[in-house]
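Next up: a single chain in structure tokens, the form predicted alone.
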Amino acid sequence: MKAEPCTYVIFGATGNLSRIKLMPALYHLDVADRLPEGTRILAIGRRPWDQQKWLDEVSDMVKAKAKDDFDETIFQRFSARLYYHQGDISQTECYTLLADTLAKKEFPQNIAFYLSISPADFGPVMSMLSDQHLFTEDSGWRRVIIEKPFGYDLDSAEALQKRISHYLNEEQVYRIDHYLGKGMVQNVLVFRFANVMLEPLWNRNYIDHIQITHSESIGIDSRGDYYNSAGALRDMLQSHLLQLLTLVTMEPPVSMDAESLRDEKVKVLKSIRPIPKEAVHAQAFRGQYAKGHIDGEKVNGYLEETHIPPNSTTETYASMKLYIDNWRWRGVPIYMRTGKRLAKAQSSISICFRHPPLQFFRDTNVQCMNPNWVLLGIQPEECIRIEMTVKEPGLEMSTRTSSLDASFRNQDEKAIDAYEDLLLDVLKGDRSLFLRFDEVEYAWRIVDPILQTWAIERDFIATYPAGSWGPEDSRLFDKDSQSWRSSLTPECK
């Protein structure tokens, strides 16, 4: 697909997401010569800034991210694309002036609206854009990018979708999950479907269980108000981790086009066995971090954080067990966990194969006889490792675990931020890495029974010390031989 010149209209352009991600990503696309000639970036904000003040602010944003790679010459080219539109997004006047600005000849009529704003503002902003006929595709395409959360539960997600679909058709909506833009996440698809030696083993006959972990060593920072109403299950499991699950377990799509890819992901979500409310405690667990130590420094517990009520039972750790009731995966448990203030920051997918029969080695010194693992490191370490058992050198029959490493990136290759990929895909009209509404809907159906059960259980929540790997939740596991894997290096048990 070829990217066409467009006007990127960024609502909330002076906010944190724009500062840390969007503007640096657009700059790096210009560095890579991937922004089509004539592309313009129109920032909308309430602050009373003039054009020069906006250019100075963007320069600071880009320098903070690019550091030694900042190129003044390229930034001059990039700054020629930048415009600032002051306005209050709750006022009609903001949109009438915006319509007048976008009608000027220097702005391409292909327009992408990036709503980096509160989900509560999606509806009113779309309504006023629609009133100015800014979604009409008479002279070019119109696309709208929205950030998660896509609702608070199934009912609110459906209500939000109903409002969005009043103004836009599904092809115009780009629900962004930055996790899907990470290079290693995309590499999961290549790893699975471009290497024929693994595909025959990728099923219930050979795989014992799958683990998906997203751990963070940081706390909630200044997000207390948002986080206390969301919690770990909504913030990570319902969105990012369920998406990883679909990529690891889906059937090969007929092609890499957006609809084929998303069709297979939805089939996985539809096949996940519903969790009845009476089974929630057997299949889900929650916890909240207490005081502890991170990197040798004392840190507060969750209840001591800013804007957190003293009696809050919001979970900062959530884990759950799922089963996919289809031919390939029936009976294989999939364990997922996420948490704040855990021992280290790491996102990984760990696939454990069935244990080999030991009778062959019964009269030998073989003791370290681990099952084979496939380990996919997402961040910060991006890697693919296959663990195998090999004989140790020497006269005795002793074994050890060795790993085959397939590095995702060579040492001379730079990391690309997920937003660079995703912002470019919007220009190209490629929706492969964006969520279709039925993906959002079925993901909410999976977690809703857990959320509803936890919502009425406000008397107690388990705690874990900051800097640990979370609360004791071993009851999730189907077998005594199964436990959380927290390392991407060989373990001998």
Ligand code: BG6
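Position 1 is the first residue in the sequence shown; the rest follow in order. These figures come from a predicted structure and were not determined experimentally.
Beyond the structure shown, there is the form predicted in complex with the ligand, which is absent from this document and is the topic of what follows.
Checking 175 to 183, 77 to 85, 124 to 132, 313 to 321 against the ligand in the model of the complex, the stretch whose residues place heavy atoms within 4.5 Å of it is 175 to 183. With a 4.5 Å cutoff on heavy atoms, V374 does not count as touching the ligand in the model of the complex; it lies far away.
The ligand is not shown here, but in the model of the complex it comes within 4.5 Å of a heavy atom of E216. The closest heavy atom approach of R223 to the ligand in the model of the complex falls within 4.5 Å.
By the criterion of a heavy atom within 4.5 Å, K148 is counted among the residues contacting the ligand in the model of the complex. Contact annotation: of the candidates R143, H240, K265, H209, the single residue with a non-hydrogen atom within 4.5 angstroms of the ligand in the model of the complex is H240. When the ligand is considered in the model of the complex, only one residue from N228, Q379, S271, T96 comes within 4.5 Å through any heavy atom, namely Q379. Along 321 to 352, one residue reaches a heavy atom to within 4.5 Å of the ligand in the model of the complex: K340.
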